[in-house]
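Only one chain is included here, represented as structure tokens and corresponding to the form predicted on its own.
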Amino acid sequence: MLWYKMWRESRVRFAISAVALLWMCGAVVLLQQRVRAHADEPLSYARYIWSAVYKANVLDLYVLLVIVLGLGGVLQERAQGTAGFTLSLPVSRWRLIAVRAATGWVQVALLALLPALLIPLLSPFVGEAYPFARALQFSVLWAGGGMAIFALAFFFSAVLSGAYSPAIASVAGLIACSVFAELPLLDGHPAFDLLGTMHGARLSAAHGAASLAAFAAPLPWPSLGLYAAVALCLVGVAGGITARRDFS
């Protein structure tokens, strides 16, 4: 019942997010010839997809959608007058938090997988090819980083009660993360560059690749493991705060 409740509460946001992500990926593929023809320098199809999907436009949309999925929670339900029903369920507050976070992480991973499904499938219709294995590699990066971004929004939703405050704080947190990653002290520690990891900046030859084979670099598993640990910690802190808060 609890899993079903969490799914019902987030299914509209997830469906809209999925449609938006698929639409933007489709537009990138279908408009590839026009965009590449007006590029300042010749672009291979692989590099075009990386630039438009995994480095910039679609990635930015994905990050915003993940933040939206992470918003909400008992604190926001109190403002809407529905917190009493949620807290009256015969489960602990810790279980409420755990199930909601797990549901969100599954949705984040599914969103990350959508480009890997659509782009290889749609590419032959424009006379190009993009291997699923390469697209899946970037989906893993998105899912790993998205897990941390979701947890950040989830945490701020448990701390801040305003309607827009958690979203603003989440965006500010990502900006701060990017700024800190540029500091000389953190140079050589790519794990701190969350968005850079997500768009594959540290994969070998990613920036100048002319062929798909150049994208076959090993994934940054230590960085992804760090993001997973940070995400679990943020959800754990959010759970502790929710368990002790008086919602009366």
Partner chain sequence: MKTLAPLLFKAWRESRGRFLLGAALLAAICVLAVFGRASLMKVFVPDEAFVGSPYVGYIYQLVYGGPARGLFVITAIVLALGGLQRERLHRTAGFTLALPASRALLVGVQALLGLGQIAALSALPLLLLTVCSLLAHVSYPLGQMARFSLLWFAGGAAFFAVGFLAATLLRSEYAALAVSFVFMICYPIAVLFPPLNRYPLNVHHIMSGLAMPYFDAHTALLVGAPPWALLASMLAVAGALIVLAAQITKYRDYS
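Residue numbers count along the first chain shown, from 1. All values reported here derive from a predicted model rather than from experimental measurement.
Below: the form predicted together with the partner chain, not depicted.
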Residue 65, heavy atom within 4.5 angstroms of the partner chain in the predicted bound form: yes
Although the partner chain is absent from this view, report whether residue 42 comes within 4.5 Å of it in the predicted bound form, heavy atoms only. no
Can residue 183 be called a contact residue for the partner chain in the predicted bound form at 4.5 Å between heavy atoms? yes
Can you work out whether residue 37 and the partner chain are in contact in the predicted bound form, taking contact to mean some heavy atom pair no more than 4.5 Å apart? no
Pick the stretch from 138-146, 112-120, 125-133, 161-169 whose residues have a heavy atom within 4.5 Å of the partner chain in the predicted bound form. 161-169
Is every one of 193, 230 and 234 within 4.5 Å of the partner chain in the predicted bound form, counting heavy atoms? no
For the heavy atom contacts within 4.5 Å of the partner chain in the predicted bound form, list the residues of 1-27 involved, in sequence order. 12, 13, 16, 20, 23, 24, 27
